[in-house]
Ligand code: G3P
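This document opens with one chain alone, in structure tokens, the form predicted alone.
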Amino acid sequence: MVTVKKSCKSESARDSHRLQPSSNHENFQRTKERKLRVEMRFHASTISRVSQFKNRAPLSYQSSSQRRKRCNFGIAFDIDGVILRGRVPIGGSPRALRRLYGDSGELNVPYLFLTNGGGIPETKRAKELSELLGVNIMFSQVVQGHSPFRNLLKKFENELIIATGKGDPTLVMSEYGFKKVVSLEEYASYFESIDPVSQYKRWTTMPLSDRKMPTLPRCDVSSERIKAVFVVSDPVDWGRDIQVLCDVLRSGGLHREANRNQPPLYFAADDLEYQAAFPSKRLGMGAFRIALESIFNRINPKGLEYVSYGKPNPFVFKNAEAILNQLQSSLCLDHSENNGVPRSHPFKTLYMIGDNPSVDVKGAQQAGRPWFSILTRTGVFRTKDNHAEFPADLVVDTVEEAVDYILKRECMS
């Protein structure tokens, strides 16, 4: 940077001797224009060099002229059924996302992924999405169903907790800072015959050489009480999980005790159905919650108590707005206007692009202004007309159509 500044001064000096303007006013104006051109060339070259480093966030490398332009809108994308089906991009999603970046790879529009899915850390999910979609996505742009669990760290950081679901739920909770996390699978392995049909399950009748054997207990689950249970993602073995969770919740978190106060139970989301790789909708975490609650309430005197996060919870949309505000501050503000401190400006519009009326649209409606709901026909919703109970502000065929509409509406196309 010092070298560039020196070359800027030398060029200015040479030009001033060469031009020799007839008046001081003309000299000042022309010198100012030359400095501005040099400054713009400097910023352009800086952006070009920095964009080569893929692991660095492109947000920090914006020209001063771009920073002075305030972004008054942001976008939240659902993933399953909007951006991807399984691991396959759909609806022109790679092209749609590339339109939110500049020619040099800098992010021009604040956006994030707001999904009820999960099971892997946000850092890993961001890397996967970047590879599948061909753009540089930061982990701060990925908000999963279980992301709010980190807000419970102060309460349960050093307490013994159970985490269950597909993927690696214990890794997710450990990365949030929880110190004593045990998976439901590991917990069950410490109690012989806790799952009475385990011998009939294919994944437990594999050869010993292929089976993942339980490690030595990191804690004494027979004497240490489970203080909370977290359903991080869609459970894999519903039968085992319902049986073991009923045991844990009815015993107050300590095996073989009964009729104690139920430990807190947290669900990352409450989707009844979602769109995966299979053509028709699949049962989600909400369906598992209904099954668990129905059985628990039949065998226990007191009803099941739980807390569900994820869309359509208004808290999730409020949290998304706060994250988009941070992205907006990085992208679009001239920090010099406030002594170098980013100032927050309210969004004129926040767009929620989803495929599930009862989750994405309902959530945006409950959150209220400035949310604007857009419904695609590539996932749960497929019909021609708008949804009757939760009508979106706009219905389109694909996410590419949605982004095209937004950029035209915001005069950025």
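Position 1 is the first residue in the sequence shown; the rest follow in order. All of these numbers come straight from a predicted model, not from anything done at the bench.
What comes next is about the form predicted in complex with the named molecule, which does not appear here.
- Think of it this way: in the predicted complex, the named molecule has a heavy atom of just one of 165, 74, 117, 91 within 4.5 Å, and the residue is 117.
- Note that among 187-195, 92-100, 174-182, 75-83, the stretch whose heavy atoms approach the named molecule to within 4.5 Å in the predicted complex is 75-83.
- Within 4.5 Å of some heavy atom of the named molecule in the predicted complex lies at least one heavy atom of residue 274.
- Using a 4.5 angstroms limit between non-hydrogen atoms, residue 311 touches the named molecule in the predicted complex.
- Residues of 232-249 placing a heavy atom within 4.5 Å of the named molecule in the predicted complex: 234 alone.
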